[in-house]
Ligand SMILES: C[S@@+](CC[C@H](N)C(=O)[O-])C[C@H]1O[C@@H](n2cnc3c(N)ncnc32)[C@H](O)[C@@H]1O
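Shown next as structure tokens: one chain only, the form predicted alone.
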Amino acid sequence: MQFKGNTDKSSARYWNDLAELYQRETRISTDDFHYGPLLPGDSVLKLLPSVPQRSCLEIGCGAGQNSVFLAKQGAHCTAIDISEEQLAHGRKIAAAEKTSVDFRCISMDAMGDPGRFDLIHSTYALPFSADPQKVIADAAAMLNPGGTFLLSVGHPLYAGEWLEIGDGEEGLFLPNYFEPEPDVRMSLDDRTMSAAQYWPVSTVAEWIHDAGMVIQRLLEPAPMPIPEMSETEIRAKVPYEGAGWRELYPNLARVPVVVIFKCRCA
């Protein structure tokens, strides 16, 4: 089956089908802010601005664990996602944490005008957008003056394929850095599909620039040293992980899985 691109309808079906398994098999902490699988959280990277009493929007929130974390710090949080099933998990998590998050079923590709915010953040949601440049422009338009846009997207090198190159060694084969292949994904019953897109780092940087924002920091973080850590340390220091991601640690330790942009509204 040929993939023809994400649409709101196909993305909603895919994430609704996957939500239960995804939330069960992926441990996502609400005690730290996560940026991607096996990566250090914000307690280490320290990219977040001060959030108490600040208005925050999460784009493509899934179950909104990052928004729940911010709400626990005193932020006023809105979180949007296209999947009602993911949002249902988010509401349960927020209730269990005794926090308030305004969860809304809204597509990132058609956000409308949910308000004005001091912090807009999105962790690995933009790769599923049909029009990522518009999402970034819309986010910039919703930022208050001096506000922060915190964006984590798939790193284009991670679109490569690992191949054996002899003597038990593996190397990364990337046919075209400027047009990386999408990561096409099927649901468990093969009924629905979605794809994570990758772009050159400079392409995303240009979208941010064109939206009138200034990049303050750019990070390509390495994973935490999972093989050297105890289970207690992993649970305390790695906010996003699971068995499947642990199996990929040897590759993640050699090629960044995400690139993070911290941006300011000019």
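Numbering starts at 1 and runs along the sequence shown. Just so it is clear, the model here is predicted, and its values are computed rather than measured.
Form predicted together with this ligand: not shown, discussed below.
A heavy atom within 4.5 Å of this ligand in the model of the complex is found for exactly one of Leu157, Leu143, Ala75, Ile106: Ile106. The candidate stretches are 106 to 114, 173 to 181, 91 to 99, 159 to 167, and the one lying within 4.5 Å of this ligand in the model of the complex by heavy atoms is 106 to 114. When this ligand is considered in the model of the complex, Ala139 lies well away from it, no heavy atom lying within 4.5 Å.
Mapping the unseen interface onto this chain, Gly62 counts among the residues with a heavy atom inside 4.5 Å of this ligand in the model of the complex. Within this chain, Gln86 lines the site of this ligand in the model of the complex, having a heavy atom no more than 4.5 Å away. For the chain shown alone, Thr123 is a contact residue for this ligand in the model of the complex, at least one non-hydrogen atom being within 4.5 angstroms. Contact with this ligand in the model of the complex holds for none of Phe33, Val51 and Asp118, as no heavy atom of theirs lies within 4.5 Å. Along 222 to 253, one residue reaches a heavy atom to within 4.5 Å of this ligand in the model of the complex: Tyr240.
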